[in-house]
Each structure stands twice: as structure tokens, then as C-alpha cells.
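Below you'll find only one chain, the form predicted alone, shown as C-alpha cells.
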């Protein structure tokens, strides 16, 4: 039974339109399917809350899909259910993902009433031609309108998602996106490089690399992101995330520091008692009340490896003391060789209390983190 501070993730798998690059579990569905899904979601929360009554929640993240594409009454009832079944802290971070064109003044007002205090907006690019290639349902003007509605509704903690290495994107057009986004003064910016995922329309279209920026341009965009955002007061605290001081995403920080969390909805993951759980992604089964999950029991070696490669995503790195408190072993008892190799290669800084990746180490983080996978 859990009796510690934890987090909740809720997956809303519905979208107005499926973007061609997206490999997330999401669908275009009718209203009846949405209603039935939320009824199952409320039921799952009721059932699973019975075994975790001592759980204290300080972060909730509603992701998707496009949660803002569903009727706000479902979202309001979701938070009624969560507060009824769990103990929520006095000052929680509560995030909902929205897409431009799916938010209106009345909907944002309901979000406020439900206790949501952080909005994450999926922009991706300020270039209309690039947005069209991504098959987004909005243009830049549409985003600006949605962003203005969000700010006028009183939301101060706002994240904007952007992407680089898009088809036909140039370094100049990406810099323009960075400049336009920074001019809006959001509290947080998530900047990702496009990954062409197998099974998506983009994979069939661009798997040969045609029309994509070359590797050198991709790296230039990556370095432009770091430099420009730093110049404008955004501190990089994780590989792809930048924030004004005090606005780091607590929920994401929880993932990287292995904080326990419960996931509700299809394809949602949970982590507690050194077990990882993954709900199936079959919408029909879920609506019928099948909440069976795949369970992975982590060994001590698994848990130690996770501590390292998740924690090193953070620019603050990993705490040697926390490692020892968690595993009753010195970090050098387990990873002396790996630490020495990465330090020698210029990828890792070994200080008295923490280990953290250098700028170059963050650039090639996959190489550095692979050292801890045995």
C-alpha cells in the first residue's frame, strides 16, 4: 500500500484529427465513444483507489491525445472523482494539454473551476507551411488566438511545445519560431526534435530522409535552442525542457527522479513499489471494463540503472546521497567503472555530492546513458 507523495497521469486518447507524425495512442471518435470512455475512466479510478487510500497527490497531468477536444464536463467530473478518491495536496501542480482551436473561454473557465493551474499548448511551429506538412488542424494565427484566451483566463503557468528537424524546415525558419515563442513570454518551453516513428504516415513519406534537414542542420537547430532560450531567461533543466526560474514542470521532474505515480486510461503507465504497470491500448476492451495491465517487476539492478539514466536527463544530475539512501550502496560500489569512463570522455562531471552530464554529454545523452544499461 502506498503512503507517500505521488502523482497521477490521465490519458485522454481523443483528437480532432490524427497528425501524420504522431505515434501516441489517440483516435478520432464520436461523442458516444468519448462518453463511454470517461465512464470507464471514472470506474477505473474508483476501483484502483481502493488499494491506495493513503496516497497523497501533489501533481496531476492530463495528456493525450487532445484532452481539450472533449466536452469540458467530462474533465470537470474527472477532477471531482480524483479529489473524492485521493488526498490532493494544498498546492498541487495540475496540467492539461490543449491544442489550438480546441479551447474557448467557457472551457477554460471550467478548467479553472476544476483546479487546473497549468496549461501545455501544442504549437510545434509558427510557420504555416510547416504546420500544414505536420497536418496540424490550426495555423499560427489560430494558435495566437488560443494562447490569448489562455492568458486572459488567468493561467500564468503555460508551456508551449515546439519541434525542430521538421520536413522542409530551415535553420532560419526554426529560429523564427523560437523568436516568436519567446516574445509571448510563456513560463515554460518544451523543444523536441522530430523523430520519424515507424507505423506513422511520416515514416512512409520520410524514412529515406528526403526533405528532412541534414544532420548538421539538425544539430545547429539543437544548439540554437539552447543558446537562444538561455539568452532570454529560460533555464534548461532537462534535455528538452526549459523554464523561467520556478516554473520547472514538477510532474516531469517526478518522472526523472522516479517518483511513484498512478496512470489512468488506455496506454497509461504507473510506477510504484518498484513495479511498472502498463494499461493495454484497446479502446473497445477498456470501455467494456477490462483494466488488465502488463506488470514489470524491477530488480535492484533495474532500479539502479533507472536511477542513473533517468536522473542524468536533468541538468542538476543525480545525488550520490540519494542513491545510497535508496539502495544501501555507494554509487561507486556499482558504477565506478562507468563513472570513470564517462568522466574521462568528457561526458560527465563528478562533483562531491552529484554527478551530472556536461553540455557535450547532454548532446550525446543516449551514448552516456547506455553505459548504465547492463
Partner chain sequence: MNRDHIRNFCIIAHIDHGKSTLADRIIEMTGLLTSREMQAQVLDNMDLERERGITIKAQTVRTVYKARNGEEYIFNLIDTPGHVDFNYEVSRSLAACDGAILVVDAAQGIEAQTLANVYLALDHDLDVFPVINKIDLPSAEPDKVAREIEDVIGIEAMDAPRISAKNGINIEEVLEAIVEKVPAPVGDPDAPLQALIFDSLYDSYKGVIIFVRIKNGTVGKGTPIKMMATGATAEVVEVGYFGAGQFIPCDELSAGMVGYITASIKNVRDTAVGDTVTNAEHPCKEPLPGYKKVQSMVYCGVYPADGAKYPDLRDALEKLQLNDASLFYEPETSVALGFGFRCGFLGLLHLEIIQERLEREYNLDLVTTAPGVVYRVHKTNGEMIELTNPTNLPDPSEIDYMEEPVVNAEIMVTKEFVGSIMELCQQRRGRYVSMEYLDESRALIKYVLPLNEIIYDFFDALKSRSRGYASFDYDLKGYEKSELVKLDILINREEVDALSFIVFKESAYERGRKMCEKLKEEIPRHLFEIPIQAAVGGKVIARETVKAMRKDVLAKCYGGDITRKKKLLEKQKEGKKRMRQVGNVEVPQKAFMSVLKLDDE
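Residue numbers count along the first chain shown, from 1. A quick note: this is a predicted structure, and the numbers were derived from the prediction, not measured.
Beyond the structure shown, there is the form predicted together with its partner chain, which is absent from this document and is the topic of what follows.
Thinking of 141, 181 and 187 as the candidate spot, does its partner chain come within 4.5 Å of a heavy atom on all of them in the model of the complex?
-> Checking in the model of the complex: none of 141, 181 and 187 is within 4.5 Å of its partner chain.
Only one of 149, 269, 287, 253 comes within 4.5 Å of its partner chain in the model of the complex by heavy atoms, so just point that one out.
-> By the 4.5 Å criterion, the partner-contacting residue is 269.
Looking at 247, 202, 261, 237, which is the one with a non-hydrogen atom within 4.5 Å of its partner chain in the model of the complex?
-> Filtering the options by heavy-atom distance leaves 261.
In the model of the complex, does residue 356 have a heavy atom within 4.5 Å of its partner chain?
-> Outside the cut-off, so no.
With the partner left out of view, is residue 296 within 4.5 angstroms of its partner chain in the model of the complex by any non-hydrogen atom?
-> Although its partner chain is absent here, residue 296 would touch it in the model of the complex, with heavy atoms inside 4.5 Å.
Using heavy atoms and a 4.5 Å limit, would one call residue 197 a contact residue for its partner chain in the model of the complex?
-> Although its partner chain is absent here, residue 197 would touch it in the model of the complex, with heavy atoms inside 4.5 Å.
In the model of the complex, residue 363 touching its partner chain (heavy atom, 4.5 Å) | So residue 363 counts as contacting its partner chain.
In the model of the complex, segment of 169 to 177, 77 to 85, 118 to 126, 238 to 246 with a heavy atom within 4.5 Å of its partner chain = It is 238 to 246 that comes within 4.5 Å of the partner.
Residues from 16 to 50 in contact with its partner chain (non-hydrogen atom within 4.5 Å) in the model of the complex | Those in contact are 23, 24.
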